[in-house]
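You are given structure tokens for the same protein chain in two forms, set apart as structure 1 and structure 2.
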Structure 1
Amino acid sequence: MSEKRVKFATKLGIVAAAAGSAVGLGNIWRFPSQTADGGGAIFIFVYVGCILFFGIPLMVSEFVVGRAAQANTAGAFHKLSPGTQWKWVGRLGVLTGFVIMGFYMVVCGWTLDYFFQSLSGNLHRVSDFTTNFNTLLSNPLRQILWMILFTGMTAFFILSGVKKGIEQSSKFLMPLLFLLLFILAIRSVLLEGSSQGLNFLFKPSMEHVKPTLFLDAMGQAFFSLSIGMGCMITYGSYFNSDINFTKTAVQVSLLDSMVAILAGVIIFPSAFALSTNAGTIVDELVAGGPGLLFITLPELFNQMPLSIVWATLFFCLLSVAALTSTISLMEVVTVYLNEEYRLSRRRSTLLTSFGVIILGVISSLSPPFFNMLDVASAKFMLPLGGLFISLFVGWYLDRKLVSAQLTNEGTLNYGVAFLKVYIFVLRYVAPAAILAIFIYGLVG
């Protein structure tokens, strides 16, 4: 089977696929609402620390496991450590992917809904965007239909060869999204009264700090980078032998963080500038919760000439970014069913979609259930998966194998010091930090 495994054709294709998985609603929808909730600049500071100290090393570790095993997430642990209990780490990853899809697809549905609202010009006519978003939230049927449509689209791309097409097109759609975000950020910063928003984002203040700050920021880092569940293991198994893991992980993380920060620079300055009630704006932002993106952004569009065009383009590109993430999530679950239970790819995909739709329906009907899936996956399951993956690569895997994967069989000149530091991080730093944050988050 391993010889037949499809490989990504070009190096750009690899970075594009991994970045496509990472960049999604996590950056543009979840990051701003978590930042609002977490008190602004301090949250971002801790978040960036998490990316550097365990995000990048863990992404590299997942690539190592995937390419060494040439198998799906669960199969990879089975193959590299036969007869041990490590296979549960893979299974946890598959379950996590499933749980994430159970609420993520609902937000993907909102994105599609907003895309059509923009296209039809309806969004342009709205005067109260909070009410407009709440109308959607209070209509489960509307949410469910969009969610099912998005799940169906994801399944379609998983099943048809067109998946290659989406990888190809995301190579040019992603930069376009980036450019659009950049333009919107400039527009937002130029609004009168935006500087308060920038201060909130970049000037640390202890005023709104919460005891769960570290857990929240760590969860966001895992979620945003798509690590801790084996997405990057699955993608690593498609990588060619000459791909430089460290470089790829750094590139993907940098891109991912830049998109998140840009989203912040769009949303906060405009939220502060356009608010009629500056005194309570931070409370409003926090209360806005998951709606932040869908409330503040349309307000910003309405300040711009040709708002229909901007809004339509934005929600279209956001849907594409979300799609490349849901494809990577569904791929993990589908390939697991396909390779471990010998179900056909078609059946695996249908079964996965069916399960996701059930979770999605419950999430659409019940905001507490939606929140529970979000919190359980981002703040517990992903970091737990990450903890075990770092222990697996740091302690269990043969060091020669790890160093061969990291240096591409010695063709990359990293030197001994680099490897030592890397193993040290995986053995001690990442596990200790993750555990400490867990304990502090639960007790604090």
Structure 2
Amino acid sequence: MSEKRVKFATKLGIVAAAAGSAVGLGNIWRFPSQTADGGGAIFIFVYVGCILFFGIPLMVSEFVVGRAAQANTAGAFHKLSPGTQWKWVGRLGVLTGFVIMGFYMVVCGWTLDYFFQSLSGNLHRVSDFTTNFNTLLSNPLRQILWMILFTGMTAFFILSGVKKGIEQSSKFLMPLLFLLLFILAIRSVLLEGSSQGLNFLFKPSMEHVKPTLFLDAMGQAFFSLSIGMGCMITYGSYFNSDINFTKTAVQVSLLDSMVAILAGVIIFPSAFALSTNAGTIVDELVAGGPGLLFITLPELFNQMPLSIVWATLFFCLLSVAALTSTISLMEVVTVYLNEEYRLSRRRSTLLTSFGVIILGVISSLSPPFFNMLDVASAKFMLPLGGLFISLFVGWYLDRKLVSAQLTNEGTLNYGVAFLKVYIFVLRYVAPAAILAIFIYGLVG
């Protein structure tokens, strides 16, 4: 039978859990490459604007749906719109979270592999980092074992429940994440020649500005905040009635953006300080992705004094960032099975983990399948999920219900103007922006 719905115990736990959901490997490999390819400070400025005008309203919308319904992502839409087809939006969110885990857990396994390579000193002895990474990719069994281990780590926290598992882990992992970020950022900035990298990151450059700058920044903002995959709806259902949605969304967005920018402060200065070819390193930074994390950066770390220490800290950072996001993704699917099919949390977690491992095994054995899951989630499922959530809250939900959730039954005074602007963004601005991202993703 499904357990009685519990709540996060503290406001700190809420912010830490929601921020942990938003923070992931994309903050560390996607944001720096987008910044490098988008004019440095110009991209950051546009990105922050997209967070404020689009990302935060959509995150608040997911909080509204979750707390109003007091149910899992699929159950929330069914409860708030009985007898309609909106229920499929919730099911899409659950499916999206499951699909993402199917390939993302494999990448998370890579971070564990490299963490132990660094810790043991093996990475320090590598001479060809491209070959080292390709060796991992060509060994499905090795990838599968690390993927299963990471899935098991995630399942451990889910099995522990909302308060003892998700909330407590977030309150530990998020401070650890920022501690590692600050240590590595300080070390990077202190490298001789790091100023060139800081200039590249924070100095506006029209040379690298592309016509698609706005769409790139908007896409990064949406995907970085875990919009459209059910995480914030699920976590919103665990919020107490006194939680200020707007304040929480702003805090989560700020922490998420800080992680992304600090990742840039780690990567750019060290890349320029340690590279012998500025032109080549810029191309590698723009390319981003796994190659940046598992080939370029390890090679750079190997040139630093105490390279074992810095590489170990960096891959520990990656593993922590990955874990905070996989916990929220697994919770989406687990609580869906728990509530909709009346399975215990233990059985729901084990069934979810088993399904994720099956997808992960196929992804490890078949790179085309891996890429298919990646493309399907990023270019189709996430944009559609964000679009329908915006339309659902903006057009379908009763205005009084939305207002009651935003104002905590009138205890928060936002004013009529705020509500009108918020609804306008959800009805017209956000859908148009998401459709632009969707079309750009299809033809780009």
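FYI, numbering is relative to structure 1, first residue = 1. Note that the structure is a prediction, hence the values are computed from the model and not measured. Definition used throughout: the rigid core is the maximal C-alpha set that superposes within 1.5 Å between two forms.
Of the two forms shown, the one predicted in complex with phenylalanine (PHE) is structure 1, not structure 2. Superposition of the core reveals a Cα shift of 2 Å or more for residue 300 between structures 1 and 2.
Remark: with the core as the superposition reference, the CA shift of residue 70 between structures 1 and 2 stays below 2 Å.
With the core held fixed, the Cα of residue 120 is displaced between structures 1 and 2 by less than 2 Å. After superposing on the rigid core, the C-alpha of residue 202 is displaced by 5.4 Å between structures 1 and 2.
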